[in-house]
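Take a look at this single chain, the form predicted on its own, given in structure tokens.
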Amino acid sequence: MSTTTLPPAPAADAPPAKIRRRVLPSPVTGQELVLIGVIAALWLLLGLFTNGFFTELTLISLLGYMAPVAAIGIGMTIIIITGGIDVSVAAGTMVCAVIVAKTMVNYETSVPVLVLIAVAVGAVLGLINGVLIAYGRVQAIIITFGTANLFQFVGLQIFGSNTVNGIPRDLKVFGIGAEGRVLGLPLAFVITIVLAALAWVYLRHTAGGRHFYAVGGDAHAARLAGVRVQRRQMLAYVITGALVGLAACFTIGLGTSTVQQNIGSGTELAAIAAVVIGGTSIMGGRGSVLGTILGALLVQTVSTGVTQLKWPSQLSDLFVGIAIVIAVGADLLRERARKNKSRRAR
């Protein structure tokens, strides 16, 4: 799961083994190693300066609460690799959550069916974004800003009131209580890690996955090479939408028996922060699912640390904002160095 820059991909089959070895970098990049070091240092400091960081409850809560952001971050990584962005995921989370909550209150429904409903609704929302962006050829941030308002309006109409009350405990399997653990870890976290591994294999070891990098690196060259650019762009938003639906189930499982209209609020910024801090280039063509998972872990560690130290919660946003600025600045410097090297090589 490494930061990967690929030339325009061939149309169909994977390149020969020698070429594949040459273009695929090592499994872990320098930025990911830096993130691992920063997280380890933060954990050490929090262990020294707080009384309860290395307790089971704190660590389980940290992993459980990072799961929704990390799950959406997997899809957001693919979108940003293609050169796009999606700021409608918070509104999408709200729509999926209220539909699932009302289904649970009004009908006796099993957890797998609830998850399928949420994933299907999220995928439809993602399809709307994908079609408008890929075939409408409008900037992704403009389209998703518009659909964010549209999705929010639809969600509020479904709510009908400020909250949905009396939600059964079925989705507590995605919470941080005893019923939501597998091998001692939150089930939502385990599912997210499995999805991240599948995404890594898909992006790194399949021709279809490498086409996403080709689209983000140079869409025109990718199209000339036979890549179906619009389909790849649309698929990225559908995948993200489906993951938004899953994250909505995780979020309901973490909450109480009430779902409020602000559920999912701020998710889009947290997910984008995890992706950018994780090393995915905001300009497309390069990205790493491992980096995104580490970025989500860093963001949640900062939030947990601020809480443990009893500091004002606004400091969490400040620290994450500083990390984003540093990550984007480093990305721009890397891109400038890459272009200069390419120019000198001609």
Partner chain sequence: MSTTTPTPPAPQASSPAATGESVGSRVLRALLTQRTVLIVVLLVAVLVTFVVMDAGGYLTGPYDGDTLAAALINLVPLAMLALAEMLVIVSGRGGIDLSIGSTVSLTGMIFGFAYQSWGLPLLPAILVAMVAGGLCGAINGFLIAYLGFPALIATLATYYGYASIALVINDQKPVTGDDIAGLYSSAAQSVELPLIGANLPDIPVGVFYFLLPTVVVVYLVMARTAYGRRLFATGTNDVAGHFAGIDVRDTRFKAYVLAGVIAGLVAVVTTAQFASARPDAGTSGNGMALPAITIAVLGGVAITGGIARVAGVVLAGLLVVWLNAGIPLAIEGNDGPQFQLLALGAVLIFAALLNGLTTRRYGGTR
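Residue numbers count along the first chain shown, from 1. Being a predicted model, the structure only gives us computed values, none of them experimental. Definition used throughout: the rigid core is the maximal C-alpha set that superposes within 1.5 Å between two forms.
Just so you know, the form predicted together with the partner chain exists too; it's not on screen, but the next bit is about it.
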Residue within 4.5 Å of the partner chain in the model of the complex by heavy atom, from L318, I39, L59, L45, is L318
Contact with the partner chain in the model of the complex, heavy atom within 4.5 Å, among Q139, T258, N262, T109 goes to Q139
Among 247-255, 192-200, 173-181, 139-147, the stretch whose residues bring a heavy atom within 4.5 Å of the partner chain in the model of the complex is 139-147
L156, heavy atom within 4.5 angstroms of the partner chain in the model of the complex: yes
Is Q314 close enough to the partner chain in the model of the complex to count, meaning some heavy atom within 4.5 Å?
yes
query = According to a 4.5 angstroms non-hydrogen atom cut-off, is M283 in contact with the partner chain in the model of the complex?
reply = yes
4.5 Å heavy atom contact, I78 to the partner chain in the model of the complex:
no
Across 247-281, the residues having a non-hydrogen atom within 4.5 Å of the partner chain in the model of the complex turn out to be L269, A270, I272, A273, V276
Core superposed first: is there a CA shift of 2 Å or greater at I322 between the shown form and the other one? no
